[in-house]
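Only one chain is given next, in structure tokens, and it is the form predicted on its own.
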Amino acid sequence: MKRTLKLMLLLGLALLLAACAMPAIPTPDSAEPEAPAPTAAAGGMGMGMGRRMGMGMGMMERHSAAIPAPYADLASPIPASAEVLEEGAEIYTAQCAVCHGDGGMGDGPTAAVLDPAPAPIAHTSQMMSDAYLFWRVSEGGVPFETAMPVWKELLSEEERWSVIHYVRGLGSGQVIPRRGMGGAAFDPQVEAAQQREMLDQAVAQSVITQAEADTFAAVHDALDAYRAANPTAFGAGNPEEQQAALLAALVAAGSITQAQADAFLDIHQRLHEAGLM
């Protein structure tokens, strides 16, 4: 009965959003390239073409937001067991896929009428701490001016952690998306092609040089490799703090130089300011 009530509430919300929300019309000053599968914006953990953020807080700002004290030091109290992933799959399919899509890439059936668009959480969750994700899921879009519901009012703590484990599983390949609402699964090859397109466009627009594009790609690849080899190498901070910690770890390991880390951050900022990320 409890799960049925939650599903009815979500479907009602989805119908309301689809019927009432109108897509924002980009202006020449605010339009940004549209992309089906953007990547983790704040962390270099897979940057793709940018998505229109509308009147709400931008992705960079959301990823640098301070985690409130009640959530700041949280870590998942349950492991990503088969049972937990199954529970997460059921909840996600019933309550999250309508906006975020079956594969967690922000392309569910209501995504087109939401501004800012739903995040590609299967991918962005890979570089977010437990504390940050639990805060975002619990408080919904209220702190960020998005349409995401306040899930702490509908889901228990255990259910929220189960969904977080499932979403991370979508991005890591640990689980296969269930089909129901529609939407693509995360594809590293597609993301890599989008990043190349973004960097080529940045060079063509003289936002960065080709040498800087090569540096950005090299550091990005090193970050992805380190994250894949060290899946628990996270503190409790926001994505911006996660990025800083991972870059520092790469410098300490000798994988990149401090100059490359500094250049990566500078290039990242310029790409963002140019509306390419």
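Note that residue numbering follows the sequence shown and begins at 1. From a predicted model like this one, the values you see are computed outputs, not experimental measurements.
Omitted from view is the form predicted together with a small molecule, to which the following refers.
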Can any non-hydrogen atom of Leu170 be found within 4.5 angstroms of the small molecule in the predicted bound form?
no
Partner proximity in the predicted bound form: Pro118 to the small molecule, non-hydrogen atom cutoff 4.5 Å:
yes
Though only this chain appears here, would Met105 touch the small molecule in the predicted bound form if you measure heavy atom gaps against 4.5 Å?
no
Could you tell me if Leu155 has a non-hydrogen atom within 4.5 Å of the small molecule in the predicted bound form?
yes
So, a 4.5 angstroms cut-off on heavy atom distances: do all three of His220, Ala244 and Leu271 pass it with respect to the small molecule in the predicted bound form?
no
In the predicted bound form, segment of 194 to 202, 155 to 163, 77 to 85, 171 to 179 with a heavy atom within 4.5 Å of the small molecule:
155 to 163
Checked Val190, Ala184, Met148, Ala89 for heavy atoms within 4.5 Å of the small molecule in the predicted bound form; positive is Met148
